[in-house]
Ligand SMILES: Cc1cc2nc3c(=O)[nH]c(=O)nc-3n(C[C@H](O)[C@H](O)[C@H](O)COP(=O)(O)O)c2cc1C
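Coming up is one lone chain in structure tokens, specifically the form predicted on its own.
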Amino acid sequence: MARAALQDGRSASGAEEEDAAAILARLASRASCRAFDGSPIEPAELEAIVTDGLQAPSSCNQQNWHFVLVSDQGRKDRAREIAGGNPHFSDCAALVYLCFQKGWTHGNFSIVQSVAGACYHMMLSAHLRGWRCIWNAGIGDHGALREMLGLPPTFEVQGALAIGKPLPDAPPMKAPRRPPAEVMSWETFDRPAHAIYPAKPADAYPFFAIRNDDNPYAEWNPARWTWAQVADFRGYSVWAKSPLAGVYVSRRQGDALAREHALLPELAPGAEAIEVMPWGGTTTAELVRRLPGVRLTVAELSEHNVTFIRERLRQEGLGEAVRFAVMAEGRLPMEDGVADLVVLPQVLEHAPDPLRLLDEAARVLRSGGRLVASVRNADSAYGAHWRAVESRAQVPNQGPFTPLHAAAVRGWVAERFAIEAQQGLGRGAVGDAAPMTGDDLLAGRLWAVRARRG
């Protein structure tokens, strides 16, 4: 391209800038993939990709990294088993385990930075060669990985790079990137308030006192977040998984959701329904199936959530069935009295102001319209588990939440609606969705209700 540019009378520097822009645009089109078709990769090409990664800089040029290439199907299946929630480990062409030698240049994570730089160089190499990748920090039990990889005790495994060819219907989009003005500033730190998430007040936040499973500074209480912060967090974190069909669904969740949806009223074709803040679209897909002919609108906090749910529904063959609206400050962008049904699927516990959401549901419902809502119950075995275990960890990707007292929520609903049916779900802390009735109604892991607006 540069030679042709010179013949056209343009300067060499201008031509080189054009070349650079084209290269950078192609590199920027790289997108993560979790849906691979199982195509194999030639050993020589995989080695070439990893060799390209060796051109990355390393701390003190010591290159104390090591990369274990895994393409054997049995080993990939074992890697998936160890990782738990990474089915793409079995379906990719190969895994590259990213390792480093412990004991050198640990200050400021320099060896970790070195391995990360090499990994990204490999991802760009794979992208330019027509492959798709995803880097995974969630690789499972390190002890089991050490055994599988024969890793000596002086080496640490940092993550795994999955490389493969995408399925024909793999999500085609790249996860959203923040506007540059949000993540860069000149001379001193300056970042918009909505993009800085709350932490519990402390004199200091020592790095090594914070772990995924034990974060004493994690602020789970949504009342201490603004609506804009919740929207920002959920809008970017939802992309921690690709919008594939069936993601975020377990058998337990599916059983509970089916019982929640059993509370849905009969609606005539053309009726108007609104689902509020479903996050990844799992409940949306089931609502579409349960309410054929109903005009469903999803109200979400972030346009990024909307983009994710659109693709999720497209993956499930439901792409044209739903309309979308973006809400701000917890207010639904609809006129008064326009809906026959409002669904709040485990949403109130995520809201900075749950009473506002209930007021908004009452406002947009027609007389005789129904509310169907569910909440995680603080007065349950799960509530005790949340306080003792879950809430000690980092805030989950679906955003901050605090289980609510089912009796209190029932009172909030009764102040605004006439309760028609209610149920408790899940006797144990985790793992079941058993119906709870009678005296145990308010002791289930979840409490769900159908109520009518007068």
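As the structure is a prediction and not an experimental result, all values here were calculated from the model. Quick note: we count residues from 1 along the sequence shown, nothing fancier.
Just so it is clear, the following notes concern the form predicted together with the named molecule, a form of the same protein that is not shown.
The listed set Trp135, Phe324, Tyr217, Phe109 contains one residue whose heavy atoms approach the named molecule in the predicted complex to within 4.5 Å, identified as Trp135.
Distance criterion of 4.5 Å from any heavy atom to the named molecule in the predicted complex singles out Ala31 from the list Ala31, Ala429, Ala414, Ala393. Contact with the named molecule in the predicted complex, judged as any non-hydrogen atom within 4.5 angstroms, is confined among 406 to 414, 60 to 68, 382 to 390, 32 to 40 to 32 to 40. When the named molecule is considered in the predicted complex, Arg177 lines it closely, a heavy atom lying within 4.5 Å. In the predicted complex, no heavy atom of Lys200 sits within 4.5 Å of the named molecule. In the predicted complex, the named molecule sits within 4.5 Å of a heavy atom belonging to Ala240.
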